[in-house]
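Consider the single chain below, provided in C-alpha cells and representing the form predicted alone.
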Amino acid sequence: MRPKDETKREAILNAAMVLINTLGLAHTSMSKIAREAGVSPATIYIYFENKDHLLLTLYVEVKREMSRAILDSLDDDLDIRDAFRFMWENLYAYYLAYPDHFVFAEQFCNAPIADAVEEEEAKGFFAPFTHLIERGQKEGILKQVPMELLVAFAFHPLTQLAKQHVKEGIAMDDDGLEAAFSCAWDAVAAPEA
C-alpha cells in the first residue's frame, strides 16, 4: 500500500467541494473528483473508502473549522447577550470569508447523507455554544424552549442573509447587521431579559 500524502488528501477534499458546489452532490463522481484533484481515481481510495466516506469527512472538517472560527476566542466571562453576539457575528464573518464551505455545508445538510453524520462528533465541536445556551436559560436570559428552536430563530435567518450575500451579491451594511442581530436576539431572549 502506498503511503498517504496529506497534500493529495487536501487536494481531493478541495476538489470535491468545488465540484459539489458547481455540479451538486448527485452529479459529482469519484472520477470527476480525481480529475479535478489531479490524482488517479485509485488514489482517492487510499484516503477514502467511498464517496460517502469522502463527503462525511469533508463535512466534519468544515464543521470543525466553522466551530473554531465561531468559538475559539469566546470569553466565558462575557454576558449572554455579548457572547451570543460574538458567535453570531463570527458565524456571519465565517460564511463570507469561506463561501465555498458555506455552500457545501448547506447542500450537505439538505441531502439524505446528512443523516449519516455522527451527531455526537458534530455537536462536540459546538459544546461551548450549547453550554452558553444552557447558561442563558438557567439565568432566565434566554427563552425556555428547546435548543433547536433557539438555534432556528437565531441563526437560520443569518444563514439566509449570508446566502443573499454569497449567491446574489447583496451585502449587509453595519446598520443592516445591527438590525438583523437585534431581530435574532429578540427572537430568543426571554421577555424580561
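This one's a predicted model, so the numbers in the text were calculated from it and none came from an experiment. Each residue number is its position in the shown sequence, starting from 1.
Another form exists, predicted in complex with another copy of the chain; not displayed. Remarks below refer to it.
**Student:** Is it true that M66, R68 and G169, all three, sit within 4.5 Å of another copy of the chain in the predicted complex, judged by heavy atoms?
**Tutor:** The answer is no; none of M66, R68 and G169 reaches another copy of the chain.
**Student:** Is there a non-hydrogen atom of I46 within 4.5 angstroms of a non-hydrogen atom of another copy of the chain in the predicted complex?
**Tutor:** Flag for I46 set to no.
**Student:** Given that another copy of the chain is not shown alongside this chain, does G140 nevertheless sit within 4.5 Å of it in the predicted complex, heavy atom to heavy atom?
**Tutor:** Although another copy of the chain is absent here, G140 would stay clear of it in the predicted complex, with no heavy atoms inside 4.5 Å.
**Student:** In the predicted complex, is there a heavy atom of another copy of the chain that lies within 4.5 Å of any heavy atom of Q164, even though the partner is absent here?
**Tutor:** Yes, Q164 sits close enough to another copy of the chain in the predicted complex that at least one of its heavy atoms falls within 4.5 Å.
**Student:** Looking at the partner-bound form in the predicted complex, is Q160 within 4.5 Å of another copy of the chain by any heavy atom?
**Tutor:** Because a heavy atom of Q160 falls inside 4.5 Å of another copy of the chain in the predicted complex, the answer is yes.
**Student:** Within 79-103, which residues have a heavy atom closer than or equal to 4.5 Å from another copy of the chain in the predicted complex?
**Tutor:** Contacts from 79-103: just W88.
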